[in-house]
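Okay, here we've got a single chain as structure tokens, the form predicted alone, with questions on binding and movement later.
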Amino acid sequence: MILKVGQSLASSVDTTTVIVVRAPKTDVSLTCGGVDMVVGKKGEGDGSSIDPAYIGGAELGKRYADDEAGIEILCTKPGKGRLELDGRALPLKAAKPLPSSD
């Protein structure tokens, strides 16, 4: 799937929805709960059909990013499924450290 900045994606197996903040230049496979995400703003499932190997849950308001692939997404609605990019778990983006006040 070719992703675009600002695009809304939803899981087809649980309630997870995300917005693309930074899109990769190549075609990628973004999945939630082991199933490809679809364009839209509403998750279709309740999470009961997710294979236990793909449970990991996206957290509301958290960003997930892979700098190597050039992708960053923002979770707008949480769910039970784990977010993956091309078969690898998409890691939670680390917060930038604040400068010391010394």
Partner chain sequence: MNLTMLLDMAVDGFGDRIVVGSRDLGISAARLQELSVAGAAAIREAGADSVVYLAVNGPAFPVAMFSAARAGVPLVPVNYRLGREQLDGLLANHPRALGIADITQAEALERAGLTVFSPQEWIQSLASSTNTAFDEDDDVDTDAPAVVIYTSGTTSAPKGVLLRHENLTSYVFGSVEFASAEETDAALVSVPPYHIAAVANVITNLYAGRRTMVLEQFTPDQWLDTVRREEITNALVVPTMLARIVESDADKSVPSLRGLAYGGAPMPAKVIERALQMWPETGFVNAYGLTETSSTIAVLGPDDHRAALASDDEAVRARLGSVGRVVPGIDLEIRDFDDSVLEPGVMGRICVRGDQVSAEYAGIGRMVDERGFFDTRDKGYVDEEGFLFVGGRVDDTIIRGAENIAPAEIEDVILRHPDVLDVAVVGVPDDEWGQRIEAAVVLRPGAPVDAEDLRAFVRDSLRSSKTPDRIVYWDELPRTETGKLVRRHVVDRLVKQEQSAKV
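These numbers come from a predicted model, not from an experiment. Residue numbers count along the first chain shown, from 1.
Keep in mind the form predicted together with its partner chain is missing from the figure; the text below concerns it.
- Only one of the listed residues (35, 75, 28, 65) places a non-hydrogen atom within 4.5 angstroms of its partner chain in the model of the complex, and that residue is 75.
- For the chain shown alone, residue 60 is a contact residue for its partner chain in the model of the complex, at least one non-hydrogen atom being within 4.5 angstroms.
- Its partner chain in the model of the complex comes within 4.5 Å of no heavy atom belonging to residue 85.
- Of the heavy atoms in residue 5, some are within 4.5 Å of its partner chain in the model of the complex.
- Taking its partner chain as it sits in the model of the complex, the stretch 80 to 99 comes within 4.5 angstroms of it through a non-hydrogen atom at 95, 98, 99.
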